[in-house]
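First, one chain by itself in structure tokens, the form predicted on its own.
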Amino acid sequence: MSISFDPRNLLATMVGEEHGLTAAEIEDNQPTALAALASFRQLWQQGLYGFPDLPANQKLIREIDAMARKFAGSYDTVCVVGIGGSALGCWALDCALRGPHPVQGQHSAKHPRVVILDNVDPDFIEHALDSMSPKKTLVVVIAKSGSTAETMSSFLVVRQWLLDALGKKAAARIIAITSEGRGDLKVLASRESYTTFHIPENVGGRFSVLSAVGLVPAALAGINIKKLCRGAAAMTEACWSDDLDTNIALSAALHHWLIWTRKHKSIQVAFPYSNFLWGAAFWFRQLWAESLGKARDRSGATVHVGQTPVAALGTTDQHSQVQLYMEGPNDKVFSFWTVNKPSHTVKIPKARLGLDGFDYLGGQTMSKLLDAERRATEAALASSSRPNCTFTLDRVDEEHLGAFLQMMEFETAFLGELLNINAFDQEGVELGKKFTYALMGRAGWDEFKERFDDYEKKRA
């Protein structure tokens, strides 16, 4: 398993001192990076944050594998009901290891598809139900709190859909993933005897992809979760190293922190040059935004810190976004994600049409063209003083993907320490949830109904 980080296009020698980092800036701040590593390690040892432990949970891996074998052959669709971290990790795994839709091929009991209900758009929900057969569907409902309005509403619809078709047998088609000791989903799962897995209390949703949240749908879809966790475990070991050449998560965190805070790059563009990593870019977008966008630092001081993450797909978005990136505000840093050994190369036929726009391509490969497109974009951005860096996976398989996701979670945690913020809370999300509860008539939320009424009066 091999993943590398290349920061050379972040350097002042490539993009100029106004926009790039000097060797002195990097060297002078290495002790700060090592202090961030030590700080996060102490928090982990205190049991506050548990994502580093997830890949080593062999008991859970065995239980999930046994569950997947039990259900094997009885379904052609895995319907995941969740939102945010309860859905994006699943999509990242499915997209990377089985292919982006719609190129996965015909689904069957041997090749089940994953349908993710992560929005309450009624047209989307209705079309999703129409596309599935309740007799051939396993439903995986995921909510750590057990009360997320979007997830609970969608699950009530899907549960009734199963009941209408299967009656008392519906409960046997439902798997619940939630907290062990709290929440209404846990109560319902116990009451109706759903197959149930638990989310550790010290693992937040956006860091939960290697818990049951991601592993259960992955195993049901036929992904080798042992290899996935093996790669993540190897990366975890590297991420505790104080050698920045070994610890690429810490090296990346240091470079991104400096380019963000010293060179004022308030936007990071995650730029995968692989359709198979496109889902991971959206997973990263939540991880980065929700973890690093904070109003206050750990001392309570108001800071309103945050770097806006953007997802772009190479080469698609060379033709939709790069004009802005080249000539618009120089407030961005670009993180290219590339694959050294794609599964296929695809030879371009030698058509000999006597047309230069076609003939020079003949006999070459699509993989060579994709690589040339990325390197050309890196060079063009650097030539315009736009800092960028590159993460390279040797290939996209379970071990590399597990390692890559774990690396980005560690990088995010290290950034939180460098910024002196809590990267694991999400207070900014909560007020909208509370207003939603009030608007939908949930008991006990009258205070927020009054606050919302005040807001409406101001609008009027």
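Residues carry their position along the shown sequence, with the first being 1. These numbers come from a predicted model, not from an experiment.
This protein has a second form, the form predicted together with a small molecule, left out of what is shown; the following refers to that one.
Asker: Run the contact test on 76, 113 and 218 with a 4.5 Å heavy atom cut-off to the small molecule in the predicted bound form and return yes or no.
Answerer: Looking in the predicted bound form, the three residues 76, 113 and 218 all stay beyond 4.5 Å of the small molecule (heavy atoms).
Asker: Quick one: of 172, 370, 83, 238, which gets a non-hydrogen atom within 4.5 angstroms of the small molecule in the predicted bound form?
Answerer: Looking at 172, 370, 83, 238 one by one, just 83 meets the 4.5 Å heavy-atom criterion.
Asker: With the small molecule left out of view, which of 335, 148, 137, 377 would have a heavy atom within 4.5 Å of it in the predicted bound form?
Answerer: Exactly one listed residue reaches within 4.5 Å, namely 148.
Asker: Using a 4.5 Å heavy atom cut-off, state whether residue 94 contacts the small molecule in the predicted bound form.
Answerer: Residue 94: no, not in contact with the small molecule in the predicted bound form.
Asker: Would you classify residue 57 as touching the small molecule in the predicted bound form, given a 4.5 Å non-hydrogen atom cut-off?
Answerer: So residue 57 does not count as contacting the small molecule.
Asker: Contact between residue 206 and the small molecule in the predicted bound form at 4.5 Å, heavy atoms?
Answerer: The answer is yes: residue 206 has a heavy atom within 4.5 Å of the small molecule.
Asker: Answer yes if any heavy atom of residue 143 is within 4.5 Å of a heavy atom of the small molecule in the predicted bound form; otherwise answer no.
Answerer: Result yes; residue 143 sits at the interface with the small molecule in the predicted bound form.
Asker: Name the stretch, out of 163 to 171, 124 to 132, 282 to 290, 246 to 254, where some heavy atom lies within 4.5 Å of the small molecule in the predicted bound form.
Answerer: Flagged stretch: 282 to 290.
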